[in-house]
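Next up: a single chain in structure tokens, the form predicted on its own.
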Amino acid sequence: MAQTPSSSSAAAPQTPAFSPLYQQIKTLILQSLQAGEWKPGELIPSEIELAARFRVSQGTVRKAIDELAAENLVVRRQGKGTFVATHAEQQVQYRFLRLVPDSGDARAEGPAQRRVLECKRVRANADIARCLALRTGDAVLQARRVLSLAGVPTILEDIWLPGQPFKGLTAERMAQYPGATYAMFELEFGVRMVRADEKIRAVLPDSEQATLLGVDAHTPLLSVERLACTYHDTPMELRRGLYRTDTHHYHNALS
């Protein structure tokens, strides 16, 4: 785990130990992000300031920041500087939600309406513990919710979170938060999801799942299992969702 820089070490220039140099600068900036030196939404030092701090060229710093921006960890704003990315920003609130209406106009149907069915503290079984890099029996929070799009129940999600970082999370708190769930994790619990891996397959629902989504048991659904990580690929959320695709489709732009 990266150490939190002290006031003395933060002030002293740090020189990477080996090549490639820009990757080492990227690692040092990433350590500062993880340690909370710059909070989500805050302006980070300029390229000139970072170059002086790390005793490298401005071009080396620029290349490091280019990679961080490509990974959505920082956001460049013309004429304003570079800011720590945040899920609270409108343009990235639903970066991990890939279900879009067949009409193509997601703005017309508005944000998803959430109905939180439960949020309880349980002991992780072997499967959940393995996914979240915990020990079997460790405390986790387990939540279930239904997301409706344009008033139609469309997504059923089961979510597991490590117990300690999300201590105090309740069903009421999840339901009442006005913004994206990842923004709540970031702003209220200090956990920023920076990357997610997904597994997708077609399945049939069981009777309870079919009832919650308002479909019959023979309706094919899209099963999406997502493991979301914070800095340094530390897993912080396992999410298993069932998606209706009668009026929506899963969209992913590849490059």
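Keep in mind that what you see is a predicted model, and the values were worked out from it rather than measured. Numbering starts at 1 and runs along the sequence shown.
Heads up, the form predicted in complex with the DNA isn't pictured, but that's what we're talking about next.
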Within 4.5 Å, heavy atoms only, which of R195, R226, R62, R53 is in contact with the DNA in the model of the complex? R62
Within 4.5 Å, heavy atoms only, which of R76, K167, R173, R123 is in contact with the DNA in the model of the complex? R76
Among 226 to 234, 54 to 62, 195 to 203, 28 to 36, which stretch has residues whose heavy atoms lie within 4.5 Å of the DNA in the model of the complex? 54 to 62
Distance check, G137 to the DNA in the model of the complex, heavy atom within 4.5 Å: no
Contact of E49 with the DNA in the model of the complex (heavy atom, 4.5 Å): yes
Answer yes if any heavy atom of R115 is within 4.5 Å of a heavy atom of the DNA in the model of the complex; otherwise answer no. no
Contact of T82 with the DNA in the model of the complex (heavy atom, 4.5 Å): yes
